[in-house]
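Single chain ahead, written as structure tokens, the form predicted on its own.
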Amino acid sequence: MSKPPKKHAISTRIWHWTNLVCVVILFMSGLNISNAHPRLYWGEWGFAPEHAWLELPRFPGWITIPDYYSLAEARDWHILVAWPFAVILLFMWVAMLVNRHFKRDLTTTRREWKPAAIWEDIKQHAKLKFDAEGGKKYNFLQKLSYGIVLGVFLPMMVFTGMAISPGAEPFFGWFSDLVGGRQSARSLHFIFAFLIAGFFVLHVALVVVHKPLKQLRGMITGVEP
């Protein structure tokens, strides 16, 4: 009896779980850093409340790393995990291109972008039917969401983080200029962080309502029974 084919390659599974740990630590330590100055601005500078476009709440200790206010320790955690986060993302992109996972499973077709096809996909999701047609790995909405996360949200966290990092700012000043200033890069860093958090919550919720044990086993062993 032949073994069932792997649904998730070993590279995908290594990236998935490593990225999960990194994103959780980065987000929670980032909330602690936010508590030091919870206002966001656009442009090159900003400090006073009247200059802010958004004032964030003070995040409680149960959702921050560490669980008490310490800007220095939060920054240590943030920088410690930021590098593995960036390296493993680069690793994932190289792996996806080499093993053709990106082209085979995540690339959308012109037919899938037709309004009728998108509407049909939305209706199937509303019915909690997520299996793709024709033996494909992912349906259109799954391809689109994974593609945006891998191609936009996560890389933007790296670029904006480098742009506002005191150590890397001299090399990434061009990115701050590109988005309108250092405070703009900081605002984008927070926006993409919360977009990733939103995707994380939605992703977990959909796994919970649709064969959670099967999907969890698939992402650990690579095989879905």
Partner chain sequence: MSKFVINADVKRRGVLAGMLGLMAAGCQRVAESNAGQSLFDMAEKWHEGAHRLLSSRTALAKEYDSDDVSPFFRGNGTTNPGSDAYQASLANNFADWRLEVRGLVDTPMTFTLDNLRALPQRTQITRHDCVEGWSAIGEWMGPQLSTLLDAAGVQDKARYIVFRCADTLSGGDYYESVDMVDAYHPQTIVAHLLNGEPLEVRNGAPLRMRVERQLGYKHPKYLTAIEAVASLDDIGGGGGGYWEDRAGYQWYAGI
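Numbering follows the first chain given and starts at 1. The structure presented is a predicted model; accordingly, all values stated were derived computationally and were not measured.
The form predicted together with its partner chain is left out here; the points below concern that form.
>> Taking its partner chain as it sits in the model of the complex, is residue 47 near enough to touch it, meaning that at least one heavy atom pair lies within 4.5 angstroms?
In response: Heavy-atom contact with its partner chain at 4.5 Å: present for residue 47.
>> Please determine whether residue 171 contacts its partner chain in the model of the complex, using a 4.5 Å cut-off between heavy atoms.
In response: Close contact exists here: in the model of the complex, residue 171 approaches its partner chain to within 4.5 Å, heavy atoms only.
> Wondering, does residue 167 line up within 4.5 Å of its partner chain in the model of the complex on heavy atoms?
Replying inline: Yes, contact at 4.5 Å.
>> Can you work out whether residue 206 and its partner chain are in contact in the model of the complex, taking contact to mean some heavy atom pair no more than 4.5 Å apart?
In response: Answer no; every heavy atom of residue 206 is more than 4.5 Å from its partner chain in the model of the complex.
> So which of 120, 73, 112, 131 reaches within 4.5 angstroms of its partner chain in the model of the complex, heavy atom to heavy atom?
Replying inline: Filtering the options by heavy-atom distance leaves 73.
> Which one, 78-86, 99-107, 140-148, 121-129, holds residues whose non-hydrogen atoms are within 4.5 Å of its partner chain in the model of the complex?
Replying inline: That would be 78-86.
>> Suppose contact means a heavy atom within 4.5 Å; in the model of the complex, does that hold for all of 63, 68 and 186 with its partner chain?
In response: Yes: each residue has a heavy atom within 4.5 Å of the partner.
>> Need the contact residues for 199-217: heavy atom within 4.5 Å of its partner chain in the model of the complex, sequence order, or none if there are none.
In response: Counting only heavy atoms within 4.5 Å of its partner chain in the model of the complex, no residue of 199-217 makes contact.
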